[in-house]
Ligand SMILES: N[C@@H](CCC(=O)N[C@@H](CS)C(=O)NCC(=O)O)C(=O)O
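To begin, one chain is listed below as structure tokens, in the form predicted on its own.
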């Protein structure tokens, strides 16, 4: 598909829940306006921004994409829409399509969002003990990765990805693995998990995703003091 309507993608100037969509569009060379919403240090401008539905969509939240006249919030809905609009769904049978949707959901919710929530945890819950929370999340994350690796092996994911375009599920999983690497300072490991490690290194979209990230330094989340929070997480991991 080479003819596109006007497209704009609205998200904060960070990775969070939006970078995977930027990366997916970038890989497929879809022209779009990358509208990066900049918040004040105290987030005081967010209520005004949020009420502007041309910036935040029908649910007044981000990410938000405008594809011509189509307005979409919700990450997984956006991803499904993009796969269909780019013709990627046509490369899959019904079972494969369902597998891709399951993988996208699990990689997003169980891996990526879990990392984001961990980084924010003692802001959302001031009484939370970040090192103790990290220890719990680390064990759960490693279990999720083992299960996901087994599933990718059973689904023959690595062989099949050579015969199809980069799908939205690939963009989600690659971003999730990269954020896990950064969040846990390489101490939640997947290098011994063959399918995941091969995917992370050899996914056809990996170079595009990395190239886009290299253009601009960004935080993972919008949390004030993210660097300090990550340092606490990393130091607590060395104490395991």
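Please read these numbers as outputs of a predicted model, since none were measured by experiment. Positions refer to the first chain, counted from 1.
Separately, the form predicted together with the ligand exists; it is not shown, and the next lines address it.
> Between the options 189, 36, 61, 210, which residue brings a heavy atom to within 4.5 Å of the ligand in the predicted complex?
Replying inline: The residue from 189, 36, 61, 210 that makes the contact is 61.
> Among the candidate residues 200, 184, 67, 46, which is the single one with a non-hydrogen atom no more than 4.5 Å from the ligand in the predicted complex?
Replying inline: Result of the distance check: 46.
> Heavy atom to heavy atom, is residue 157 within 4.5 Å of the ligand in the predicted complex?
Replying inline: Answer no; every heavy atom of residue 157 is more than 4.5 Å from the ligand in the predicted complex.
>> Since only the chain is shown here, I'm wondering whether residue 12 would be in contact with the ligand in the predicted complex (any heavy atom pair within 4.5 Å).
In response: Close contact exists here: in the predicted complex, residue 12 approaches the ligand to within 4.5 Å, heavy atoms only.
>> Can you tell me whether residue 75 touches the ligand? I mean in the predicted complex, with a 4.5 angstroms heavy atom cut-off.
In response: Taking the distances in the predicted complex, the answer for residue 75 is yes, it comes within 4.5 Å of the ligand.
>> Whether residue 50 contacts the ligand in the predicted complex should be assessed with a 4.5 Å heavy atom distance threshold; does it?
In response: Residue-level check for residue 50: yes, a contact with the ligand.
>> If contact means a heavy atom within 4.5 Å, which one of 132-140, 97-105, 67-75, 82-90 is the stretch that engages the ligand in the predicted complex?
In response: Of the options given, it is 67-75.
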